[in-house]
Structures are given as C-alpha cells and as structure tokens.
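Take a look at this single chain in structure tokens; it is the form predicted alone.
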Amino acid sequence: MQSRTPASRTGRPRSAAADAAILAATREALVELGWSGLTLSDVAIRAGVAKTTLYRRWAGKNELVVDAVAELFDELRVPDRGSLAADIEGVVLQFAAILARPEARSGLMAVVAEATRDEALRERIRASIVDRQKHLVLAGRARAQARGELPAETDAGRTARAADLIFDMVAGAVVHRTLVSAEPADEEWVHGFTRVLLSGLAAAGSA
C-alpha cells in the first residue's frame, strides 16, 4: 500500500501505528466537530499522542485533513464484474459511497476551498488523492483491452493522457453530483453516466 503521510523528517523513526491513529482520529473529529471545530489539540488527544507528534508529521490542519481523506480513497478497487461497463459502474458506486461519508464530504470540501488560495495545498491534494487513484483507470483499461472491449494502445503518452481525461470525467461528475448538486449517485444515475462515458470512449477509439 502506498505511503499515506508526508515523508519523514530527520529524527526518530516514524510510527505506523501512531500515523494510523492520528488519521483515524482526524476523521472522527471531522464527523463530530466538522472542519471549523477540528483542532490539532483535539486530534492529538483522540489519537493518544503528543501534539508535537502531529507537528513532526504535518505542517498544519489542512495537510492533516488531506491525508486523512486520502486514506479513504485508498479503499477504492476496480471490481472484475465481467465487462467494462459493469466495472465502471462498480468503481463509481464505491467512489460515490466514500463521498457520502461525512468525514470525506466535510474534509474534501474544506481543503478544496482552502486550496483556492494555496498552491502548495493544491499540489498536495493532486499528489495524495488525484494522482494516487489514477492507477484505477489504467487497471480498468488494461482489463477491458484484455477482454477485447477496447483496442490495444501502444503509445504510452497517449495512454497517460487518456487516463487523465477519463479520471477527470469520472471524478468531476461524481463530485459535482454528490457534493455540489447534493443529489444521490445511485445505481440509476451511475448506469446513465456510464453509458455516456462509454459512448465517448467508443468514439475516441474509432477516431
């Protein structure tokens, strides 16, 4: 599993157990207190660590919340449901379910808002959440190509660009549906969205 926290600083070794406790405590505080009520002092108490332990690992509240939310998205998997359409529907439903969780919803919306005036935070969101999940698109495409549902792609650059575009389309649509429009991304909506997405993929493949 990928590293879920910032690189270690010079000093005593990192404790994976402490990291896990801190991130879990952060999500717990997000549910109970919301973004505005969350403090590093409260997280430290909940996690059973010293406040200085948090500051050795995270520069501040924004970075801590990004990593706590990023850990939720690490739960995403591309299910093997027998077809590209079914696989897409499966992962989109998982994504929507994560966004429906109060800790993900409040944490993600807060850090995105903060990132509008903080380039370093935007980069952290890209690295910790967005880039870390793009492997899902590559895995899904590879499986569909092996089934013969999509043509093989030999141009690595084109593959990477296509993965970026597909990820942006899926993530953008689900985030807008669940967090902006506040509408359910239920099976009916996911089925319709998948049909539209696949029609675009088919057109791109024949271009």
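Not measured: the values here are computed from a predicted model. In this text, rigid core is short for the largest set of C-alphas that superpose within 1.5 Å between two forms. When you see a residue number, it is the position in the sequence shown, counting from 1.
Beyond the structure shown, there is the form predicted together with a further copy of the same chain, which is absent from this document and is the topic of what follows.
- For the chain shown alone, Ala110 is a contact residue for a further copy of the same chain in the predicted bound form, at least one non-hydrogen atom being within 4.5 angstroms.
- Proximity of Thr52 to a further copy of the same chain in the predicted bound form: non-hydrogen atoms within 4.5 Å are absent; the residue sits far from the partner.
- In the predicted bound form, a further copy of the same chain sits within 4.5 Å of a heavy atom belonging to Arg117.
- Under a 4.5 angstroms non-hydrogen atom cutoff, a further copy of the same chain in the predicted bound form has Arg122 among its neighbouring residues.
- The chain is drawn here without a further copy of the same chain; in the predicted bound form, the stretch among 143 to 151, 43 to 51, 160 to 168, 64 to 72 whose residues come within 4.5 Å of it by any heavy atom is 160 to 168.
- Only one of Ala85, Leu76, Ala97, Val130 lies close to a further copy of the same chain in the predicted bound form, with a heavy atom inside 4.5 Å, and it is Val130.
- Residues of 169 to 197 placing a heavy atom within 4.5 Å of a further copy of the same chain in the predicted bound form, in sequence order: Met169, Ala171, Gly172, Ala173, His176, Arg177, Leu179, Val180, Ser181, Ala182, Glu188, Trp189, Gly192, Phe193, Arg195, Val196, Leu197.
- Once the cores line up, the CA of Gly172 ends up less than 2 angstroms apart between the shown form and the other one.
- Relative to the superposed core, Arg46 shifts its CA atom by 2 Å or more between the shown form and the other one.
- A movement of the C-alpha atom of Gln145 falling short of 2 angstroms is seen between the shown form and the other one when the two forms are aligned on their rigid core.
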